[in-house]
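To begin, one chain is listed below as structure tokens, in the form predicted on its own.
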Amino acid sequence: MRKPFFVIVISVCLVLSLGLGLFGCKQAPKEKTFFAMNTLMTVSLYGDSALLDECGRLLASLDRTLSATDPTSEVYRLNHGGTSEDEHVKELLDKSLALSRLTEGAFDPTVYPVVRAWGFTTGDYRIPAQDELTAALSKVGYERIAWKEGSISLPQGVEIDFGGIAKGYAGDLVKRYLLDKGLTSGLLNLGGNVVAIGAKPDGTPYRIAVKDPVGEGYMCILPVVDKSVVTSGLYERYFEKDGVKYGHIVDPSTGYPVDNGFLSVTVVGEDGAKCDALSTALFVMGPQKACEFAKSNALSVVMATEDCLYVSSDLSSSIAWKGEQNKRVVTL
């Protein structure tokens, strides 16, 4: 469920190339790039430059805590029979389980054994044998996790990975920290998860470009004030075998990479962690169920298939498409 840097969802290159079109004023932001959560993260602030290093330290600390592959992390300890009292782990697990219930398992942090079987955690891609996949699936199920106040421990065989929600959560934490320090304007690009802090200094919205899932450049531009923009797409990470593409977004109910017609799903909202998880969940649901879910839960979305674009009504009047659309646009 990870959303890696090397195939960026909200294109960093595009964001940078828009220059003044993005930031919209003569005042240049103070900017710094960090490496955390297996991706490059850029923090751009209109304020005290000393805050940049503090953001980097916060991101690095979260990375050390939440990594599923680092033997020193809290999550690794949980996955190997240990316990954790870390507040970030508790908060993320609470959020993850709530979103798992909301999406009826389309988002599930316990799918890690299946994702690992396909090689998406290491880059050593492979098609697992059916008996191996069945064994991995037997360990999946958010319903098996139940805990109250105190230390967290996982049921025997259950493993978690916050890769589908961690960058959204990190963006929320960094934004909260900066707001507490009095910052009123800035932009976080956390490996594709974009967080707008307030508006641009001149009061106008940030203009966030959403990558074209099949072509070069961008598909559309969204005006955003004080919200997160998160996209999941098949182009993010995949491998090919005998002419078949296998994407990194895995359906927790089948154990197989999703192949339901979706090319990309973008979610916009105030809660970055929720947007992060829901972009994956909607992708797993497929177009029909995702449209129904988005409407019933009043989500701000842009969802693309090969021949159709689904846009929530609140975004339809402000979205700027790149050129004329050769796809049918459906307003939800």
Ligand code: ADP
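Residue numbers run from 1 along the displayed sequence. As the structure is a computational prediction, the values presented were derived from the model and not from experiment.
Not on display, but discussed next: the form predicted together with the named molecule.
The partner is not drawn, yet in the predicted complex one stretch among 76 to 84, 246 to 254, 210 to 218, 171 to 179 has residues with heavy atoms inside 4.5 Å of the named molecule: 246 to 254.
For G163, a non-hydrogen atom is located within 4.5 Å of the named molecule in the predicted complex, even though that partner is not displayed.
At a distance threshold of 4.5 angstroms between non-hydrogen atoms, V111 is in contact with the named molecule in the predicted complex.
At the 4.5 Å threshold, heavy atoms of V229 stay clear of the named molecule in the predicted complex, well away from it. Contact check for T280: a heavy atom falls within 4.5 Å of the named molecule in the predicted complex. Residue in contact with the named molecule in the predicted complex (any heavy atom within 4.5 Å), chosen from L222, A106, L188, L93: A106. Contact with the named molecule in the predicted complex, defined as a heavy atom within 4.5 Å, holds for exactly one of A304, M41, V301, V284, namely V284.
Along 167 to 182, a single residue, K167, places a heavy atom within 4.5 Å of the named molecule in the predicted complex.
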